[in-house]
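Below you'll find only one chain, the form predicted on its own, shown as structure tokens.
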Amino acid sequence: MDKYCFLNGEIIPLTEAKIGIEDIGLLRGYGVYDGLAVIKGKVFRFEDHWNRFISGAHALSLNIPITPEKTKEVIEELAVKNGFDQRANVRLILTGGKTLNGIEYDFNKPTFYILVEKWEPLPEDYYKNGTKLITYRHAREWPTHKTTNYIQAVSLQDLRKEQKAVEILYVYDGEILECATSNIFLVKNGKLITPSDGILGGITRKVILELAKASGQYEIEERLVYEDELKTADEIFITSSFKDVVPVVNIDDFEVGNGQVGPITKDLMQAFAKVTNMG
């Protein structure tokens, strides 16, 4: 079955898609990105993702050559066309287009494309029994925007696999920030705690906060979170559009809480599954 993408205004076979070698996204790494999920044929929380995408585009002075309505329509069409309408990962990529004078670009001629890929769930054991993070000292450049700069994350994937970890947790100056492609939550004495500064505001993170507030069961703290709090947390979990909610029971060489998936994590996992019609 042929696969399709959307490139500069057209849905075309993926094998025919071409980006110029002078594109500033390649030569200078200048671009923004967003990752969305299609669930049962519909884009999950499209408006939230779009608002984050345009925020990044505006921060980099990039021109988005498509309306949100058209973008959503194309994503859902691509999911069906590629046979991934039940669940798919979607990537929006925007660059400044052809490089001018080695370091400039024409605002009116951007490169914009959409990729839709098959969603590959993590092993069921990760959700049932929890998984592992490893820490790394790093703070992303432009952390509140989802740029195409994933140099540090890509370079650490071999180490992540060697350590049998699901994600890399960035810590810096004694603070917990975020994972390479996820947000993090801690649970302590019934409180739900998540970093607030120097991070990308994840959409799954936002949904979890909404669910926790709506339940009325949990006190929520969005604040600076310190690295030594990892060892005293009762529960830890991570969130992302491509992973959903994943419990964490080990970090580096220590066990989180009692080493088992905690009740609050389980509760929020179930609540999220209901929102996405997967539970």
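Heads up: residue numbers just count along the shown sequence, starting at 1. The shown structure was predicted, so the numbers you read here are calculated from the model rather than taken from an experiment.
There is also a form predicted together with another copy of the chain; it is not shown, and the following applies to it.
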Residues Ala165, Glu210 and Phe272 are flagged as a possible site; in the model of the complex, is every one of them within 4.5 Å of another copy of the chain by some non-hydrogen atom?
no
Residue contact check: Leu268 to another copy of the chain in the model of the complex, 4.5 Å heavy atom:
no
At the 4.5 Å heavy atom threshold, is Asp85 in contact with another copy of the chain in the model of the complex?
no
If we define contact as a non-hydrogen atom of the residue within 4.5 angstroms of the partner, is Thr95 a contact of another copy of the chain in the model of the complex?
yes
So in the model of the complex, does any heavy atom of Asp106 sit within 4.5 Å of another copy of the chain?
no
Counting any non-hydrogen atom inside 4.5 Å, which residue from Lys81, Arg160, Lys132, Lys188 sits next to another copy of the chain in the model of the complex?
Arg160
In the model of the complex, the residue from Gly259, Pro263, Gly20, Gly9 with a non-hydrogen atom within 4.5 Å of another copy of the chain is Gly20
Looking at 69-77, 192-200, 149-157, 123-131, which lies within 4.5 angstroms of another copy of the chain in the model of the complex, counting heavy atoms?
149-157
Sequence order please: the residues of 218-244 with a heavy atom within 4.5 Å of another copy of the chain in the model of the complex.
none
